[in-house]
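Just the one chain here, laid out as structure tokens, in the form predicted alone.
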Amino acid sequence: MLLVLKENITQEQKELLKRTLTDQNCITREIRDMGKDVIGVIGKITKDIDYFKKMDGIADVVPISTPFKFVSREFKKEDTKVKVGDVVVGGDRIVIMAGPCAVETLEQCMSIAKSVRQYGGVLFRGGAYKPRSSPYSFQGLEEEGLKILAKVREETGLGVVTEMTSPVQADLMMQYVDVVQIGARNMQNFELLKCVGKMGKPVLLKRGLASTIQEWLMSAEYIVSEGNENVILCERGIRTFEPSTRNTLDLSAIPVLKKLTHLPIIIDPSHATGMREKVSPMARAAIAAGADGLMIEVHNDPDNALSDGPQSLYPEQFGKLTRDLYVIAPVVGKQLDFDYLKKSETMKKSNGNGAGTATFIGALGTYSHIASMQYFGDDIKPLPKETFRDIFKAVDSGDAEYGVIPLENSLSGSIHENYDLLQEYDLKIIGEIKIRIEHSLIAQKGATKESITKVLSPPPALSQCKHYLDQHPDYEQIIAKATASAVKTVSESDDLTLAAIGSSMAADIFKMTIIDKGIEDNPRNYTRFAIISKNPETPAKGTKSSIIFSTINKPGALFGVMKVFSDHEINLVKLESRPIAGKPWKYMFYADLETNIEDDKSKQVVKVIEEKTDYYRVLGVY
């Protein structure tokens, strides 16, 4: 059962509660879930629920009906996020673990690891101990393989994942690896599960060859009941009657698990299919189905691999797959971040008052907040501001290290104010992120479509939901500064006639009810955000540049600048004009280019552009 504690519970009341539970030989876990302090209780409880409800400091008692307790969604509503060094499994960024099935040599592992990192992988998988069906197959390098994995981590910065097959390996695992994998054959090796539960390291628990989802979750319960909450579930295919693939990849397990458990879920399409050409399609499908990450086998010479060569992708194939996933991920509200590890390293070096802080418009839960979390991860400190100018001021003064500003929406167009502010402030664009905008109609609990008469939201959100609002002509549209600010206003009111248009995240934060979801006119509704900073690092490998310029006042001047880009085969992906303050009929042009305008190859291009313009400035290379 769950004991929901009152906010004003005293330490004495809490100690009395714990003593009562200890006297009954109960296992307890104290967590914070959905903004509330909760104690989970497992064991044969002789006292009834009413006894605990009457205890001082208890707000509510909730029974847990599933046989698995600590890992159930009943126990914890919020998703668990497992941290592996700087990597978070279960967050808004997709985590890809990739590498060879077996560790063979240092040279082999180092070569593959560098490709894995280059193409977006953030953890390196490789087997040092290989439980095989045949006793005559390669069984792994054992401790020597673990030492190789440790060297790979030291050289590349990739955390390492490897399989543990016996409790006697515990000390070696503690010494060399970051994530301990429990293979499919050991899913119900209960002594091994208890061992990794006591170790405390993150555990990747693979589904057994013919195990049900409930059996799988009960195995996870063994680990968590020993005190280790850092469990990642891995679906790797189950044995069925179908012989076309090695196993049958059960993608339906993803939505089932998302409902049953708070633990993160990754998919291993390599072991599931056993065929190289089947890996990428199933990986793409897994992300579309809502998986938090993937485990992919990659080998630089799969024809000569000591284990599972036929299912291993070549590095170039892995790169093609991650580019596909980069496009798919925003559709399901996630990101594949090729600079995941680099950003973490940069943030560690940050110093000053605003170190590790991202500022954005509105309140917590606005789409700008979502963009900042998907770009930087959960460790970024949020700093909401009331206006776009406040964002620029905070970054310029050093109160915030980064600013997150929307530049354009696929339905409602450009946010002109931010283009003007980019011209006014000497700040740099260091990155960009595109997120899908899925609007919801949000109101107080008890409100209905019929009770609502007023809808709050900023103009872009209202315009993006025009068709929906046209179906409700009685709704009065009221302008708000940001979507989350509108949701916050509704939360502070007891008015059942008041609603807001905003994100589902904002509804969760402010404990509001979603009346209708997906009310935007077009599902292809995306916003591009720019990340701005005052002191960015020099982006040696930037592939995109943003510039501003104004032309001399003569016919064909703009065409002359455009011809420079054409002559040098530079793709112009956006051109925006804005009037120059105080100079009627004079314009500043903003251009996004698919090139690094500051590298050595572009020096001649810049020289010609400067000759053809009377003002030129690089806003950023990223």
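Numbers for residues come from their place in the sequence shown, where the first is 1. Predicted model, so just to flag it, every value in this text is computed and none were measured.
Note that the form predicted together with ligand PEP isn't included here; everything after this is about it.
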| query | finding |
| --- | --- |
| A184 within 4.5 Å of ligand PEP in the predicted bound form, heavy atoms | yes |
| Interface membership of R236, ligand PEP in the predicted bound form, 4.5 Å heavy atom rule | yes |
| Proximity of D292 to ligand PEP in the predicted bound form, heavy atoms at 4.5 Å | no |
| Partner contact for C101 in the predicted bound form: ligand PEP, 4.5 angstroms, heavy atom | yes |
| Partner-proximal stretch of 123 to 131, 423 to 431, 519 to 527, 70 to 78 relative to ligand PEP in the predicted bound form, 4.5 angstroms, heavy atom | 123 to 131 |
| Every residue of E163, K206 and E297 near ligand PEP in the predicted bound form, heavy atom within 4.5 Å | yes |
| Proximity to ligand PEP in the predicted bound form, single hit among R117, H271, K343, K278 (heavy atom within 4.5 Å) | H271 |
| Contacts with ligand PEP in the predicted bound form - residues in 569 to 607 whose heavy atoms fall within 4.5 Å | none |
